[in-house]
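Shown next as structure tokens: one chain only, the form predicted alone.
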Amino acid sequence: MDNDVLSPAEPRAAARDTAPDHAWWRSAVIYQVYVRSFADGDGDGTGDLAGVRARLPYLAQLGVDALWFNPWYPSPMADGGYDVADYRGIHPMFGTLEEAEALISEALALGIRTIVDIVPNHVSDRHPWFQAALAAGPGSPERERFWFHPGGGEHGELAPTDWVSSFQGSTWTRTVDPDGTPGDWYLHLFTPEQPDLNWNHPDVRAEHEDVLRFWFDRGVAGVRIDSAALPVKDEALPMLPEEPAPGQHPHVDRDEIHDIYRAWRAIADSYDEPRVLVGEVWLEDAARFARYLRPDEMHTAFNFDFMTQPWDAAAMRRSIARTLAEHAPVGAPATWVLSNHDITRPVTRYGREDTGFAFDRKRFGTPTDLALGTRRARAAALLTAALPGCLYLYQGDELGLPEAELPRDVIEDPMHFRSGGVDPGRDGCRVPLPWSDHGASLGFGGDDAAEPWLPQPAAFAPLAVERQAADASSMLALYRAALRLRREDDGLRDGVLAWLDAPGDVIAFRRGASFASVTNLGGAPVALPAHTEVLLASAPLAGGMLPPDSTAWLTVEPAGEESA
């Protein structure tokens, strides 16, 4: 073993004297529920809260600590629910507020907490505030909650800035005044149906703080903050500089944003069991990223760097080391995730020639070796589950579901349309789950249910939950075993990470006194290090050799104080 020992971040001073249960989030396994595609309780083809409630025993058996729900609020669904029309309700297609409250309570009775999605950057264009702003007209107080601005050019025909949308295209849409003439423009970093809020306005801050209390009072354990680095904009609305200095980008990672999250943290800490803030923060600068995780701001933030890495040992090891180093100065635990509702599923991603991920590289008809991708996804599942910090699982990854290539006429994702039809969009990872291998919806909504809102490929049937639950070698069985061992092994909860000497194509490290994880990303079998027991392996071992594209968890002889 070399001397490269990395700590999974010491608990913050504020948390050291807290009851252990209050620090559950530091090593939690959190399961992402995309409600529309998880389980259909009423048989109408759309997932709902009744379906989730019926499947809570499955989630408890899987071994998760919390559920993160994508937006379940009333919404026109221009962007999968991230265009929120009412933060205090439940979309009728999913159920009612009373059902959400029952779900939160029933999950907690099984030891599973609930995290809900908050979208602070924008609202739906159907939100009452925006409708009032359109009706009130130019210069009105109602418009000050958003970014309305006159256009450039002789007749106001030019957009106010050159900012580019996250979904491609312009970030500005021109309004029509009540008299029918072209009017001001409004800002939307995403689709035109998602107008950006003006976080300099006190109403915006007060409203979101009240929304936090609304859900915290209903037993929600925390919030996931969507696009957390975006809400604050430069009031001068400058053009985009070629290379903005840290904190100088006009609409990303503005310094003023941290006051917002300090106020949110104070609210979260005011509860008897402090609530948790989880940020979606896409930033390259490690120091800027760490600022969001200071003791009086967010508890954790998503680690997207590891998720986008190619199937390459050196790249993955660098990403792991970088992630732990980013988090260590502020005492926050790292988060590990292989996919989510926006990202191509691992089984497909790892089976392609380009095994990394970038949104601008998605194309229809990309050749994929699903057998290879599945082997690698199994290995990656054990690798990530062995890392220090908290683990996020996106629904269906525990089944090894591939990305579905959908017919163009059923795609709803705006990323597809705004790319001119080049990008297949994100709906391929949002296809409803298969619970059985028969019926119109593969058990998603029962045998007599309507066909699901997105078609399930034939390849989903053999991957159904009921089939995998009866197969000790299945992906589901692997996940269940991994999460059980993760709960039982103290080293996997609290132990530091120490790298082990290994060939270049191998990632090997020790956790705690006697646990080791070894992943072979190369093309030939490798010898396992000395061990007393194989706890779990993603593929069959032969003669003490670890096959290509596989991970083994081992019990090894204690190495002494440095890995305790």
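Source: prediction; values computed, not measured. Counting begins at 1, following the sequence as shown.
Beyond the structure shown, there is the form predicted in complex with ligand GLC, which is absent from this document and is the topic of what follows.
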Of 365-373, 187-195, 314-322, 252-260, the segment with heavy atoms within 4.5 Å of ligand GLC in the model of the complex is residues 187-195
Non-hydrogen atom contact residue 326 with ligand GLC in the model of the complex at 4.5 angstroms = no
In the model of the complex, does residue 275 have a heavy atom within 4.5 Å of ligand GLC?
no
Q) So, in the model of the complex, is residue 79 in contact with ligand GLC at a 4.5 angstroms heavy atom limit? A) yes
Query - residue 341: touches ligand GLC in the model of the complex, heavy atom cutoff 4.5 angstroms - result: yes
Worksheet item: Does each of 26, 113 and 480 have at least one heavy atom within 4.5 Å of ligand GLC in the model of the complex?
Response: no
With the partner omitted here, the residue among 145, 349, 378, 426 that in the model of the complex has a heavy atom within 4.5 Å of ligand GLC is 426
From 99, 226, 412, 125: within 4.5 Å of ligand GLC in the model of the complex by heavy atoms is 226
Contact check, 152-184 vs ligand GLC in the model of the complex, heavy atom within 4.5 Å, ordered by sequence, gives 167
